[in-house]
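A lone chain, given as structure tokens: the form predicted on its own.
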């Protein structure tokens, strides 16, 4: 299993959080499905050229939050989760943030075009597709 995970050294986020959020997003989006096997901790660490400890921390957090489970001597697998409920929760968060932007933008005299440009710049800086 090859996971498309991009580590950014310029991001303010710790590497384990970057791994955590990208794997979580793969699960929520359906790219990883229930029962899918994740790469071993060692393999992912080698592929990303990072510490095994960092990868283990990301996997531990994913397991603690119920996104994956571990089977001894077999590996880590995507857990059964109601991704639709998770997605709805995330959409609600996005809406809340957008409402806050709508409150703040007029005070800064920002147009919709300027807001969209700010969003694009942030996407580029964070290496978000």
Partner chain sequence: MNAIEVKNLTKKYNDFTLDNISFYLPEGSIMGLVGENGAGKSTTIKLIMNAISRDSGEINVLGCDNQSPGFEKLKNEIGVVLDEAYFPEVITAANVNSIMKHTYSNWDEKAYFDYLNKFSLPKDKVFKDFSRGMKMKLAIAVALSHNPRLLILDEATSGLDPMVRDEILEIFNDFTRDERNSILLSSHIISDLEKICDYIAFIHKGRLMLFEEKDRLLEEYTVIKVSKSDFEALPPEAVKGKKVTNFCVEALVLKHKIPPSLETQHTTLEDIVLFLAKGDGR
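All of these numbers come straight from a predicted model, not from anything done at the bench. Positions refer to the first chain, counted from 1.
If you look for the form predicted together with the partner chain, you will not find it shown, but the lines that follow are about it.
Peer 1: Does every residue of 22, 25 and 59 put a non-hydrogen atom within 4.5 angstroms of the partner chain in the predicted complex?
Peer 2: Checked in the predicted complex: no contact with the partner chain for any of the three.
Peer 1: For the chain seen here without its partner, which of 99 to 107, 36 to 44, 82 to 90, 67 to 75 has a heavy atom within 4.5 Å of the partner chain in the predicted complex?
Peer 2: Result of the contact check: 36 to 44.
Peer 1: Spell out, yes or no, whether the shortest heavy atom distance between residue 31 and the partner chain in the predicted complex is within 4.5 Å.
Peer 2: Looking in the predicted complex, residue contacts with the partner chain do not include residue 31, since no heavy atom lies within 4.5 Å.
Peer 1: Using a 4.5 angstroms cut-off on non-hydrogen atoms, would residue 53 count as touching the partner chain in the predicted complex?
Peer 2: Yes, contact at 4.5 Å.
Peer 1: Decide whether residue 115 counts as a contact residue for the partner chain in the predicted complex under a heavy atom distance cut-off of 4.5 Å.
Peer 2: It does not: once the partner chain is placed as it appears in the predicted complex, residue 115 has no heavy atom within 4.5 Å of it.
Peer 1: With the cut-off set at 4.5 Å between non-hydrogen atoms, does residue 111 touch the partner chain in the predicted complex?
Peer 2: Judged by the heavy-atom cut-off of 4.5 Å, residue 111 is well away from the partner chain in the predicted complex.
Peer 1: Pick out the residues of 108 to 123 whose heavy atoms come within 4.5 Å of the partner chain in the predicted complex.
Peer 2: Contacts from 108 to 123: none.
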